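First comes one chain, alone, set out as C-alpha cells in the form predicted alone.
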Amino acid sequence: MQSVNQYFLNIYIAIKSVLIGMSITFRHLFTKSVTVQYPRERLPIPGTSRNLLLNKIEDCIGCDQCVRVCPVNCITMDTIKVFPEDDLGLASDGSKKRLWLPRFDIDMAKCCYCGLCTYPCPTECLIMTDEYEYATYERNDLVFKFTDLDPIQIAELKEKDHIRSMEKEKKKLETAKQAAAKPGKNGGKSGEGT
C-alpha cells in the first residue's frame, strides 16, 4: 500500500511541476519581445565605443607614434625616406609628408581595443570606427593592410632606398680612409715618445 501511495504522489508532483513550468511559459507568451532580430535590426552603438581601427593613409605621415604606444604590437609600419625629387604633398592638418609608407598593417586579432594608438597621432588619421562586424574564418583576414602604393611601386622604392644606403656606406668608408690617411699632429709619427 505504501508503494502505491508513493507512486501516485510521484505522479502528482510531476504533473504539478509541469503545470508550473507551462504557466510561466504561457505568461511569457503574450509579453513584448525583448530580443532584437540582429541582422535586420541593430541597437544603437554609443559614441565612445571602440571597435575596428581605421587609418586614413592619405593623412598618415609615418611618425611611428602609434606603433610605439601599442601595448600588444598589433600595428606594423615600414617607412622609406622621401627622395629629394619626390613631393608627397601635405596631410590634412598641413604637415609635410616626409616618408613613404610601403606597409601599414593592423592585426585586429591582436588588438585589445584600448584606443591608446589614436591619442598620440598628430594628424588624427588613426581612428576607432563604430564598425564591429568583421568576423572571418581565417585569422590572416583580420590583418588589415593600409597603403596607397602598389607592389611594383614598393619594390622600386625599396630598390632606390637600397642604392641610397649603399652610396652612404661608400661615402662613410671613403671618409674613414681619408681620415686614416691624413698624418697626425706629430708629422705622421704617432705613438713615439720623447
Partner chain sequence: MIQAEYYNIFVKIIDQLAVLDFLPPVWKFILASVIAALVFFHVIAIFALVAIWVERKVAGHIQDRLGPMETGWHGVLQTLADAIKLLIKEDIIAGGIDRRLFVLAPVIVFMTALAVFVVFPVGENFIVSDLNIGILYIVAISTLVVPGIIMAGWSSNNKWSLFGAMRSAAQIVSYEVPVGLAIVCAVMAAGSLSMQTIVESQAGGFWNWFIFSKFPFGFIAFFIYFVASLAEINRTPFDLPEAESEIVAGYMTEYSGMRWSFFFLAEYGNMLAVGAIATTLFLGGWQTPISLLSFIPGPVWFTAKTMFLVFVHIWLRWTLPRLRVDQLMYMCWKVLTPFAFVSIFGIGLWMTF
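What you are looking at is a predicted structure, and each value in this text was computed from that prediction instead of being measured. The term rigid core refers to the most C-alpha atoms you can superpose between the two forms while keeping them within 1.5 Å. Positions refer to the first chain, counted from 1.
FYI, the form predicted together with the partner chain isn't displayed, but the following is about it.
Per the 4.5 Å heavy atom criterion, the partner chain in the predicted complex is contacted by stretch 36-44, the sole one of 124-132, 36-44, 153-161, 49-57. Contact check for Leu29: a non-hydrogen atom falls within 4.5 Å of the partner chain in the predicted complex.
Although the partner is absent here, Thr25 is a contact residue: one of its heavy atoms lies within 4.5 angstroms of the partner chain in the predicted complex. In the predicted complex, the partner chain sits within 4.5 Å of a heavy atom of Val18. Though the partner is left out of this view, Ala180 does not reach within 4.5 Å of the partner chain in the predicted complex, counting heavy atoms only. Phe26 shows a C-alpha shift of 2 Å or greater between the shown form and the other one [criterion: core-superposed Cα displacement of 2 Å].
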